[in-house]
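One chain comes next, on its own, written as structure tokens: the form predicted on its own.
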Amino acid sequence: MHAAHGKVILLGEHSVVYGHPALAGALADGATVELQPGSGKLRVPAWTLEVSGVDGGAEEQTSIGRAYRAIRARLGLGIASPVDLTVTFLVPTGAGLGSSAAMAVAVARALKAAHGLSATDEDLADAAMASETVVHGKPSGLDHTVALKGGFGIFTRAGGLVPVRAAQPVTLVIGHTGRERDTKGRVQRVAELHAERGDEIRARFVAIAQLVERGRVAVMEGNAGELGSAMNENQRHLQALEVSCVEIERLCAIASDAGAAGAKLTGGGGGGCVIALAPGRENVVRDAWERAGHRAFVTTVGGQ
């Protein structure tokens, strides 16, 4: 079995698009790929989807079909293959938790093993980036880098991911709003605000970058209180950037009432997931979210 991490952005989403840093961490789980004797088919049972490495019918023209071919092409593989691959997701998909990048990295690792390739981590990263470009258009590169490397890191578009040596992995509660995330729409709205009120929005980006630095130090020192405070402040900026929504605000409020030190959206916003930092009260926050009708789970972030 071959695996890769999902991801969360603890601090810095949206401002990262404009060259500012983001603090990201690898989820303990992401996606796994199992190999069976076969002919190169990729199966995704969660989506009742099966594609091959061939440019053929309707299913082959899905984004996953095209992404799979992009991975194979970047690794220098043709159509012939002695194995089939089955993908299992261990995090919610379409929720801003890096599931597509985790799948891409796990698939690349599985193909490397199946074909005895001498591919380096850089080669696997290139293959995963080709897949992410098919799925997302213009990905930042954060998701597949975290999926491959694990741990924590400060990510910038210019410099990639710089590892952060954490005091220990961080335990988070992740809750799903029940509303699909709207990354494209929210990115567009921030761009509109940036054009309309440039000075204000740029000042918020600078403030978020300062929160990212506070968060980096907090992770290195194991200071949950400081990290939680930075998360709460970041969420207030994200509200002002109009990337939050009623459901996100509701989950943040429930988490706060349940004793969380910090809570905020993670990823594109407009829906998707909320993360909460609640040392010693993780199960209390999870249970409160579930009572309110939301899917939620406790996980660790920043492991290798």
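Numbering starts at 1 and follows the sequence shown. Computed from a predicted structure; not experimentally measured.
The form predicted in complex with a small molecule exists for this protein as well; it is not shown, and the discussion that follows is about that form.
Checking 223, 140, 133, 93 for any heavy atom within 4.5 Å of the small molecule in the model of the complex turns up a single hit: 140. When the small molecule is considered in the model of the complex, only one residue from 267, 271, 65, 40 comes within 4.5 Å through any heavy atom, namely 267. Just one listed stretch, out of 179 to 187, 80 to 88, 197 to 205, 159 to 167, contacts the small molecule in the model of the complex at the 4.5 Å heavy atom level, and that stretch is 179 to 187. Although the partner is absent here, residue 284 is not a contact residue: none of its heavy atoms lies within 4.5 angstroms of the small molecule in the model of the complex.
Interface membership of residue 5, defined by any non-hydrogen atom within 4.5 Å of the small molecule in the model of the complex, is ruled out. None of the heavy atoms of residue 10 is located within 4.5 Å of the small molecule in the model of the complex.
Although the partner is absent from this view, residue 288 stays clear of the small molecule in the model of the complex, with no non-hydrogen atom inside 4.5 angstroms.
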